[in-house]
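What follows is a single chain, given as structure tokens, in the form predicted alone.
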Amino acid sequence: MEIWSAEIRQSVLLTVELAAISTAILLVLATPLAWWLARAKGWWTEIIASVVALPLVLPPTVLGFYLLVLLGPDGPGGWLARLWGARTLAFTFEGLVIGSVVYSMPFVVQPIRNAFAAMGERPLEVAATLRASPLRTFWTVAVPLARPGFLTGAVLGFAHTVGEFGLVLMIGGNIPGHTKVLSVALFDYVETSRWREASMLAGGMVVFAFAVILTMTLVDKRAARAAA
């Protein structure tokens, strides 16, 4: 029996596509949010930061339930889906992207926020004395100095999306070619006692997790050397 079957290839490609799209969207959304959180001084800053961090402590099933309501036919997702003739965003790939972005947001925002905060005020003040505009200062000074935070956030966001299970199962179900990502496929193989396929997927995800941890360690060491 072929181990690398079309079914497994389909789940792998769907998972990579979901993680790549979600990570790209997360970087676009997290960058201005992290910059504001790192610079703002008001009492409401940590309230917003706590809201962003909620997925860290909320059970995935709780978050999945509320997203299912929002993406369903009677929620905003249903109203949006009607624009192109669909009935709901739940149990669709687009719904998985929305859920993944919400669920992985703190894993991307926090490293970038920490990187922005760690660089201090001095580089920004120097840029201001050279009459650089705030936007130019951000792109030419802040972003390059915060590069390790961006890399960390991208790696964590991608890895966290790959490893999602409870959330994607609730809002995406188990639809081959549309919402059946790796974690759901692994669960399905175990449920149907297809141990060979389950072992292959589980082993692959262990290797992927090791690669993520190794990458994070190397990034931290390189950032420490650069700071020194």
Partner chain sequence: MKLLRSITILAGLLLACASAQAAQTNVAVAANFTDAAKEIAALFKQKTGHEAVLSFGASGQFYTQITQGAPFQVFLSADDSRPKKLVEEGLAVAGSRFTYAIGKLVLWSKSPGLVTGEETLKAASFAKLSICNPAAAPYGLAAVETMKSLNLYDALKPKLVEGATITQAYQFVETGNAEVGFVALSQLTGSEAGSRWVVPQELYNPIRQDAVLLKAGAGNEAAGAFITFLRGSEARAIIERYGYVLDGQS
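Positions refer to the first chain, counted from 1. All figures in this text were calculated on a predicted structure; none of them were measured in a lab.
Keep in mind the form predicted in complex with its partner chain is missing from the figure; the text below concerns it.
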property	result
Site test, Gly72, Phe187 and Ser193 vs its partner chain in the predicted complex, non-hydrogen atom cutoff 4.5 Å	yes
The unique member of Leu169, Ala38, Met200, Val52 whose heavy atoms fall within 4.5 Å of its partner chain in the predicted complex	Leu169
The unique member of Phe150, Phe138, Phe116, Phe91 whose heavy atoms fall within 4.5 Å of its partner chain in the predicted complex	Phe91
4.5 Å heavy atom contact, Gly177 and its partner chain in the predicted complex	no
4.5 angstroms heavy atom contact with its partner chain in the predicted complex for Pro59	no
Its partner chain contact at Gly173 in the predicted complex, heavy atom, 4.5 Å	yes
Its partner chain contact at Val162 in the predicted complex, heavy atom, 4.5 Å	no
